[in-house]
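Okay, so here's just one chain, in structure tokens, the form predicted on its own.
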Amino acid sequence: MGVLAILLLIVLMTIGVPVAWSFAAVLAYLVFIYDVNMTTLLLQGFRSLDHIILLALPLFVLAGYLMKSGGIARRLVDFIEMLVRGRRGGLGASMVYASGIFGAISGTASGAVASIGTIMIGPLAERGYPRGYASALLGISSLLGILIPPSVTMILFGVVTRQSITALFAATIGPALLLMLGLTLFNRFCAGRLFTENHPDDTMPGQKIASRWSITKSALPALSLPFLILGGIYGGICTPTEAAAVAVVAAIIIGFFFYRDLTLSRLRDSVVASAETTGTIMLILLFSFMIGRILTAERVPQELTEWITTLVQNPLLILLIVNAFLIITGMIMDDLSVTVVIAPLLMPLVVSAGVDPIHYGAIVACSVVIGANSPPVAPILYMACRIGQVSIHHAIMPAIWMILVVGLPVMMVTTFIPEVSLFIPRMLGVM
């Protein structure tokens, strides 16, 4: 019955039922099948939401919106483009790096798509990048917001699996760096071979130096944000929740007083947009907590573990099965659903195969990068295509090539070489 519930969730999301109401329908099905006391279940669900770390979620989401409306994203892109200007594939690489820095502030992929995409897709098209390719590169590079700490996805994973958020943040740094390197090399290979990239000539050396100094000086307030957030967390100065509050305050100060792009109306719009996003996430979380309670009470994860381990005893094969299942469900479900429902369901299985829960969190994050850009659902890729003003059909093949050449190898390396994800947490002493 538990497996049928997961299949029902997949079917509902595939036919276009909104995510939150798909969860509600599955919850109603489980309550009916298992004759659960709804009053007790609701109390347990609300208690699960009463978690201090969940305060970081709306704050990081708000910080992402403030980056866009306050001009911070624009200065970051200008600075990174200046660093890679004149190199083959430089502008495409700048979008990858800008998405990474954006992720180090906001922790969301959708925010990176909206902010970085609206700034960069046009210039990429002018330089000879096909819009489909540019949108695919935007979709995959925006998922660096999930891998590079702070990550909203890792916050949710830590809450539902009761793991250290700080350790999970550190565990995804290694895979993120591998993904950035892989996308940069892939883009460099494509530029000049599959399409052209024209570089405008600089006029005078003196003007070039002045321009670079001006861009760098303008970008310094924006570049201070990742150091404030990550330095505060790993320096032991503040918790992830406190770092999220610092990010919001700093984004408001920089947007209002340094760049002066942030107005009261834009601040209001950012707060409203982040509240809508957070409300949807919290509703999904509530339903997922309640679904998880029912499945755990009925021993569904344990029975699934026992069933698979009777068929397969080799830990490597178990990991391959888990990877395949995460990717397939990620192709159909959104990243939140995979993180809060599927990942905890498979956790007893991977622990039985000798995988550290923190290592498993990095594996889940890598699977989300692949699933969120793979048809038929591909929510991030669809969003990138809307920003890039191009049909999804023009972006599918470039996205598939990026997944096969970069995404899957990064996930395999992360899965079968644990030190890729565990070296930094151990070095920092957070696990």
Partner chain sequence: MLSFFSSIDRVMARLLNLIAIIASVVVAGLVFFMVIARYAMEWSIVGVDELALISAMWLYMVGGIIASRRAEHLVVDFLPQQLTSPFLLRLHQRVVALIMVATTVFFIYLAWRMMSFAIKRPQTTPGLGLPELIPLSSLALASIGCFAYAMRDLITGRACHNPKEEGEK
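Numbering follows the first chain given and starts at 1. It should be emphasised that the depicted structure is a prediction, and the values quoted were computed from it without experimental measurement.
Quick note: we don't show the form predicted together with its partner chain, though the next part is all about it.
Subject >> One residue of Thr263, Thr118, Ser211, Ser352 in contact with its partner chain, assessed in the predicted bound form (non-hydrogen atom, 4.5 angstroms) >> reply: After the contact test, the surviving option is Thr118.
**OP:** Could you check which residue among Ile321, Leu223, Leu283, Leu178 gets a heavy atom within 4.5 Å of its partner chain in the predicted bound form?
**Re:** Contact with its partner chain in the predicted bound form is made by Leu283 alone.
Original post:
Where, among 242 to 250, 303 to 311, 124 to 132, 97 to 105, do residues come within 4.5 Å of its partner chain in the predicted bound form by heavy atom distance?
Top reply: Result for this chain: 242 to 250.
Original post:
Quick one: does Arg268 come within 4.5 Å of its partner chain in the predicted bound form, counting heavy atoms only?
Top reply: Result yes; Arg268 sits at the interface with its partner chain in the predicted bound form.
Original post:
Using 4.5 Å between non-hydrogen atoms, is His394 touching its partner chain in the predicted bound form?
Top reply: Result no; His394 lies far from its partner chain in the predicted bound form.
**OP:** May I ask you to check whether Pro18 falls inside a 4.5 Å heavy atom distance of its partner chain in the predicted bound form?
**Re:** Answer yes; at least one heavy atom of Pro18 falls within 4.5 Å of its partner chain in the predicted bound form.
Original post:
Would Trp401 count as a contact of its partner chain in the predicted bound form, using a 4.5 angstroms cut-off between non-hydrogen atoms?
Top reply: Trp401 lies outside the contact set for its partner chain.
Subject >> in the predicted bound form: members of 379 to 403 within 4.5 Å of its partner chain, any heavy atom >> reply: Residues within 4.5 Å: Tyr382, Met383, Arg386, Ile387, Gln389, Ile392.
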